[in-house]
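Next up is one chain by itself, shown in structure tokens, the form predicted alone.
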Amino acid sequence: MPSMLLISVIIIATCGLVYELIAGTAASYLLGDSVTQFSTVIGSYLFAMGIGSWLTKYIHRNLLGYFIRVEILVGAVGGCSAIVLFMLFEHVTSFRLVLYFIVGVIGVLVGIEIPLLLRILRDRFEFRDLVSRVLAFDYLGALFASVLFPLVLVPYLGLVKSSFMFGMLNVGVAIWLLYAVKEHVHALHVHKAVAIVTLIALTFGFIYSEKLMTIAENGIYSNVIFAESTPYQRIVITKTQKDLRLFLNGNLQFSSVDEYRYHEALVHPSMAALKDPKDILIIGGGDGLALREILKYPSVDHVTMVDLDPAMTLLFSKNELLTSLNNDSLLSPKLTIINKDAFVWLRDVSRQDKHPVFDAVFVDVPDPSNYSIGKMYSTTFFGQLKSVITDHSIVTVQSTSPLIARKTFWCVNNTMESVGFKTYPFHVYVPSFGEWGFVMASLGNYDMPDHFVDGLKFLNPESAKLMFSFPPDMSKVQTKIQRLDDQALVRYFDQEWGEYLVY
């Protein structure tokens, strides 16, 4: 029995850390600001573990029975944690209370495990040997979980399947012990029945996790036709009779009803102002909609698209509904797709002796809701961007709403100015988003084009001029500069959009 209990330490340590990582990841998906979510989840989890350890002093007998009950409970709660969080997100007024309650319960139960094991094994090993063995196995399990989670669990199973699987492992430890040391457990048949029922329930959850996730997402979205978890994000596509919508991590990216307003505004003010633009860089834009607009210019020879998630570019190049929307742009022979982190790619390219130079650059990445995206709006990123353009090139950056998130918008503008760009901010009304902003920038001067390509639905010289005028409630304000070591932009975004969504 002692060796079995020591082996179980690795399993329970792995399970405990996986539950913590799942809660932190789910919180960052649903609430944004990954640094804040992981920091608060980890802190709450460790505090709860301390409470659990303290509570073990009140357990005086039947230690093995208590340990088995804890394994069943932590397996049940931890195993169901991810799907419960996703299902309740849109249906509770204070989601954070639910999140920290679940984290707290799991933390208390995990905190009970190791002290109980130490007491169960204290008569079988010398104290010094016992502590070193148990803690060594505990830390080994933590290492295993920390490597397994990003490399295997999130890419290949997703959060919901992973939580069910590790819940099954926790309950499996309980069942293993029930059959191995049955003479030491009171009410053996009751424990076995509860453990087996729990294991069956978790197994069904694992098998039907996609259906459960679909039910959860139907509570958030209407008419889901596609959903996939990738190593980088949750992709959801919905469709009604007239409207196709893309959501990434719960945030609307476009509506087919009015996306042309966004993408025409993003692309044509700069492309029409350039003389025969040939080499174009798109950062983000994996849906191919900005590319669709760029390919309307016959002078374009080559487009480089750097988008992190290969699942996005594959989906929008294969699915017939989506390719009809982007006019098969991702299949263009003029396109080269690079599925890498654009921040790292740009850094590497800018350091090369011979690197590409682009006539136009479009930064079409999600809003700076967390620090991993915030780096794409930093002085470091914009400074590196200067090395791949000329004095006549034009850069356009999607920059969230200047009405709802005024400081956020002008922080992007001010950050680009701080690294030497001349900026030309503008905005457009997109019904699905509301008032939306862009920052166009160049190392030289920008002249408004007096004509655009044929066939545009929204943009013409008159409507383009209006976009560059800001009323008082959206006019320029002073802000901090977005730097890698002090991401003020993310804080502005979280504050301004947080207040709007609460309202």
Partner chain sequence: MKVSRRSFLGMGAALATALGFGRFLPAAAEQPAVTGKILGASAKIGHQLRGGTFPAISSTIQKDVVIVGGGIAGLGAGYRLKKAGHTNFALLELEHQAGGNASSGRNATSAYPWGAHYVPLLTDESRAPKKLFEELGIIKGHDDKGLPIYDEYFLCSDPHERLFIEGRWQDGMVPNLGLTEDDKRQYSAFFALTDSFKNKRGRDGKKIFAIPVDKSSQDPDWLKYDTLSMKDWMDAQGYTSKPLRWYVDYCCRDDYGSSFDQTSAWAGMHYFAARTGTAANAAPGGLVTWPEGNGFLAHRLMEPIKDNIIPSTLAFRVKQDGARVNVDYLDQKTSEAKRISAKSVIVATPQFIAARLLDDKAIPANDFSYAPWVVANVTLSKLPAGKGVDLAWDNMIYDSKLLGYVVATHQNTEMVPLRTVLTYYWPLNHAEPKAARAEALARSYEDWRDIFLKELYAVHPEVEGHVENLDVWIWGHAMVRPTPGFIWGAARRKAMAQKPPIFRAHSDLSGISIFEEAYTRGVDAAERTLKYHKIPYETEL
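As the structure is a computational prediction, the values presented were derived from the model and not from experiment. Residue numbers count along the first chain shown, from 1. Rigid core here is just the name for the largest C-alpha set that superposes within 1.5 Å across the two forms.
The protein also exists as the form predicted in complex with the partner chain; that form is not presented, and the subsequent description refers to it.
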**OP:** Could you tell me which of 137-145, 320-328, 227-235, 71-79 sits within 4.5 Å of the partner chain in the predicted bound form, going by non-hydrogen atoms?
**Re:** 227-235
Subject >> Proximity of Phe316 to the partner chain in the predicted bound form, heavy atoms at 4.5 Å >> reply: no
Original post:
Any of the heavy atoms of Leu159 lying within 4.5 Å of the partner chain in the predicted bound form?
Top reply: yes
Original post:
Can you check whether Phe493 is within 4.5 Å of the partner chain in the predicted bound form, heavy atom basis?
Top reply: yes
Original post:
Leu97: heavy atom within 4.5 Å of the partner chain in the predicted bound form?
Top reply: no
**OP:** Name the residue from Ala193, Ile207, Leu151, Ile200 that puts a heavy atom within 4.5 Å of the partner chain in the predicted bound form.
**Re:** Ile207
**OP:** Let me know the one among Ser256, Gln384, Ser332, Thr423 whose heavy atoms come within 4.5 Å of the partner chain in the predicted bound form, would you?
**Re:** Gln384
Subject >> Contacts with the partner chain in the predicted bound form - residues in 461-494 whose heavy atoms fall within 4.5 Å >> reply: Arg483, Leu484, Asp485, Asp486, Gln487, Arg491, Phe493
Original post:
Rigid core fitted, is the C-alpha displacement of Val306 between the shown form and the other one 2 Å or more?
Top reply: no
Original post:
Would the C-alpha of Asp243 be classed as shifted by 2 Å or more between the shown form and the other one after rigid-core alignment?
Top reply: no
Original post:
When the two forms are laid on each other by their rigid core, does Val154 show a Cα shift of 2 Å or more between the shown form and the other one?
Top reply: yes
